[in-house]
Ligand SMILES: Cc1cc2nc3c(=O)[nH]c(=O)nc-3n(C[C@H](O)[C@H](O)[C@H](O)COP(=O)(O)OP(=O)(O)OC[C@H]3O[C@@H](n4cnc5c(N)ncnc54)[C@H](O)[C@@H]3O)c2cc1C
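Just one chain is shown here, as structure tokens, and it is the form predicted on its own.
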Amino acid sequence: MAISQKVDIAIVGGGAAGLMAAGQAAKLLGDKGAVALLEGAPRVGKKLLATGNGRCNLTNLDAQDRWYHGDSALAKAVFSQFSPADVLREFESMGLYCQEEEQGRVYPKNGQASAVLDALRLFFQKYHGQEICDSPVTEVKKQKNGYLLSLAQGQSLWARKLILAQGGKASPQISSDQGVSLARQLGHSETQLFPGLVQVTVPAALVRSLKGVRCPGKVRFLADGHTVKEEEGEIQFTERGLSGVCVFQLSRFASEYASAHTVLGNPCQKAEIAVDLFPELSFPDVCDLIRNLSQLYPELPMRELLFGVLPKRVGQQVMVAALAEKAGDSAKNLTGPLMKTVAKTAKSWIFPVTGTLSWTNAQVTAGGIPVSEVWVPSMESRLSSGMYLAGEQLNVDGDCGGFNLHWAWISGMAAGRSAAMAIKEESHD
């Protein structure tokens, strides 16, 4: 196969990490280097445009390794090297200005995800970078002084250094899933992959009547009865399960349980989500609330008693879950033991976990290439020198709130700069 082009650095994958790596590499090499960004889709950044409901929550001012899962501890040096302030300064150097909103979340000042993509592309172009779209890479081979990439059109490209940043399996309709397979061709392994930041499914009979209802509360993920993690926020009920940011933060555990019957690597026989509809009240306070309501409306059916404190359908279903057929009885029959049963259900409404929705609905991939196979913080492969890894294909995934894009930026910055510095050092030899 004839080599159609030779470059100093090839970046495979035009998502967040790849775009950042490409810009950093091109800037460092300047006029003396050739940097090519290869993307299998017709255009780069498609998934980036969809983030944050089109507004792009691009980082979080509290971004640090404690908000991440997988091999986050092994990646700590990358988080130490690039702070959220460093990321924002980098974007300002590209002409993109941002603002902080709630809980440290940072968005473009104009509220448009397209501005983030524009900044990354313009910056790359400013330093003479080349975008090559509609060019899936089918094969990669390491050679003595570089890498030979075979493209789907029958062409090939040779690069002195290679950066793989093709993401994972999440949202396949708007992203590619080739990164890990290319890394495998160069000797890398991968952990088991799970959908992350995704709706958790429960028995449909428990939620079907609640479809579309939203209410504030606290959720706890239980593994064999033990709390693994808890989150507070708006809970969304769907026809198949539970959703909302607070539920998304627990979904990694639900995915692992459904795939492997483990949670955090430990065997698990039963997984549940416990919903607390009154996180601001103690159990005795909820008992008092229910007692007051039953005294106020003694003739009202018990299932209607919570109409003034919870969304109507939620209040009805809590009563049914707690009292079964007795929920139709008059509130004057709500004795002390029954009252405690209702309060217990309202404070810990149990939903057995059956799994999650599919990769199509997931925002991020949990699992990936072990960080132990990468030199940190340079992001150079330990198994194939001159090749660097960045972004979602690595076994690092974060909570909601801008954390996953932050990882894409900082791992991309590390990989792009490291590859360019290696080129410059070789040129001086």
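Worth saying up front: this structure is predicted, and the values here are computed from it rather than measured. All residue numbers are counted from 1 along the displayed sequence.
Keep in mind that the form predicted in complex with the named molecule is not shown, yet the notes after this line are about it.
Undergrad: With the partner left out here, check for me: in the predicted bound form, does some heavy atom of residue 216 sit within 4.5 Å of the named molecule?
TA: Heavy-atom contact with the named molecule at 4.5 Å: absent for residue 216.
Undergrad: With the partner left out here, check for me: in the predicted bound form, does some heavy atom of residue 416 sit within 4.5 Å of the named molecule?
TA: Looking in the predicted bound form, residue contacts with the named molecule do not include residue 416, since no heavy atom lies within 4.5 Å.
Undergrad: So, in the predicted bound form, is residue 166 in contact with the named molecule at a 4.5 angstroms heavy atom limit?
TA: Yes, residue 166 sits close enough to the named molecule in the predicted bound form that at least one of its heavy atoms falls within 4.5 Å.
Undergrad: So, residue 52 and the named molecule: in the predicted bound form, are they within 4.5 Å at any heavy atom pair?
TA: Result yes; residue 52 sits at the interface with the named molecule in the predicted bound form.
Undergrad: Would 14, 40 and 404 all count as contacting the named molecule in the predicted bound form, using a 4.5 Å heavy atom cut-off?
TA: Each of the three qualifies.
Undergrad: Sort through 208-216, 323-331, 355-363, 237-245 and report the only stretch with a non-hydrogen atom within 4.5 Å of the named molecule in the predicted bound form.
TA: Going by heavy atoms within 4.5 Å, the stretch is 355-363.
Undergrad: With the named molecule left out of view, which of 302, 254, 137, 346 would have a heavy atom within 4.5 Å of it in the predicted bound form?
TA: Going through each option in turn, the one that passes is 137.
Undergrad: Can you pick out, from 182, 263, 250, 286, the residue that has a heavy atom within 4.5 Å of the named molecule in the predicted bound form?
TA: Contact check passes for 182.
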